[in-house]
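First, one chain by itself: the form predicted on its own, in structure tokens.
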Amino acid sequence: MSEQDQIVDTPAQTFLGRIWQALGPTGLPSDDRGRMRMVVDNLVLHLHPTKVPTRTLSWTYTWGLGGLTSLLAVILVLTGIFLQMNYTPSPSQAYLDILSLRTNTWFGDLLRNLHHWSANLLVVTAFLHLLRVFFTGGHRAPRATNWIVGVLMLLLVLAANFTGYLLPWDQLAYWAITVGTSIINYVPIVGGFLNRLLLGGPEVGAPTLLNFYSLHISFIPVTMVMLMSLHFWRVRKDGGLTVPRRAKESEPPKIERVTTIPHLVRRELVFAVAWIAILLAWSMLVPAPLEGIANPDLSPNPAKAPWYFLGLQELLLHFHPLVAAVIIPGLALGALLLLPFYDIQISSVGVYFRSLRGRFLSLLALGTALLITPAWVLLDEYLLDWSAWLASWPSLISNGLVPLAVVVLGLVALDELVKRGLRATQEERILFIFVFLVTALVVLTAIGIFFRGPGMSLYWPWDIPTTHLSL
């Protein structure tokens, strides 16, 4: 081998030199050997293609939600490793470990706050990322498989937050998990068995804490890493991000590409540093909630599930438990997973809200849901009494299937109105119903957080004792 063919590490190829080259203005090497060497050795180019469409670099297209979700996952793993070193999953010691972490461990309180708020923000960003993908048509072929993977990851994010919620072993965590796990009992036939399996017994106790801890630090993170790896790989295999288009463009735009390094990497680095700074500042100023040690004999009033399940708990106040906890969530999840197979129009992929009329329909669905959902909650709270009106009928029918049928008929009527009155296409009707249902879920969650007080009755937020307002 000649001296020119040998690859010799120079100072510019040291660790700092490689970073400077990766972020420098020169982009990829011009010669083929240098390009191949850089692609093989560079982690960035394993996650990203060497070039990306210029239009996908726009902040207002992706809002950085996928990157932020990934960043939060990394922060949670790193802070979780540290917290795990200072925690014992035992009812007699868990709460004391949290107190010790807050007072006796250097930066322990900051890391716990950072872990807590990052986990809560992860639920929000994962949900918003899923909405962004839907609104730009990124769930359609050939990206249908990745949409399903994304939905499964969102479920895992909820599971990770739910299992971690109990670990401080305070009153808030104990009773939130008690309420949250009780929903499982309503699953027909196997509900009781699944609930006892998860709790390790008939109620929340030491086995529950150990089960939740084991799931939180092992099965859920490992599964999440596997799905994230598959998700990233599918993004590249499916051709990268959908290319943004304007609603007035009748044909797909000509794709112009730029090198990932430095154009995309610089944006990602600035975005990550900014969000880390925001999270650190928030964690320094706002402590993660911690109430008194868990007391099974003293139930708070009201006892609420974690905030991301309060929409589901709100449904339990209006429907029979089987309908609220099993049928409605099951239908919603099934429709979400199958969405790419009946929303198949690919001509609008990359256009936010499909078209100009789609934007109007989305605003109409948003406004309609903001009016109808609170009105329905108030009517059901104070006027509607299905059980009394249909007293001779089984409660599953009178307080479950009948009101569900009324809601479904209302959605069908809305769909027909949009179809006939506004001459909406199938994809615009799907968009309308999707926005309506998502808005309804957000409203129900907000009602559960801010407007439910003692006895789970409706109150104005300023009339509820502050001890009952917590996340």
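Start at 1 and count along the sequence shown; that's the residue number. Note that the structure is predicted; figures quoted are calculated from it, not measured.
In what follows, reference is made to the form predicted together with a small molecule, a form of this protein that is not presented.
Contact with the small molecule in the model of the complex, judged as any non-hydrogen atom within 4.5 angstroms, is confined among 215 to 223, 394 to 402, 378 to 386, 143 to 151 to 143 to 151. When you look in the model of the complex, the only residue of Ala126, Val323, Leu209, Ile177 with a non-hydrogen atom within 4.5 Å of the small molecule is Ala126. Only one of Arg132, Arg257, Arg266, Arg246 lies close to the small molecule in the model of the complex, with a heavy atom inside 4.5 Å, and it is Arg132. By the criterion of a heavy atom within 4.5 Å, Thr242 is counted among the residues contacting the small molecule in the model of the complex.
None of the heavy atoms of Val286 is located within 4.5 Å of the small molecule in the model of the complex.
Contact between Thr62 and the small molecule in the model of the complex is found at the 4.5 Å heavy atom cutoff. At least one heavy atom of Met228 is located within 4.5 Å of the small molecule in the model of the complex.
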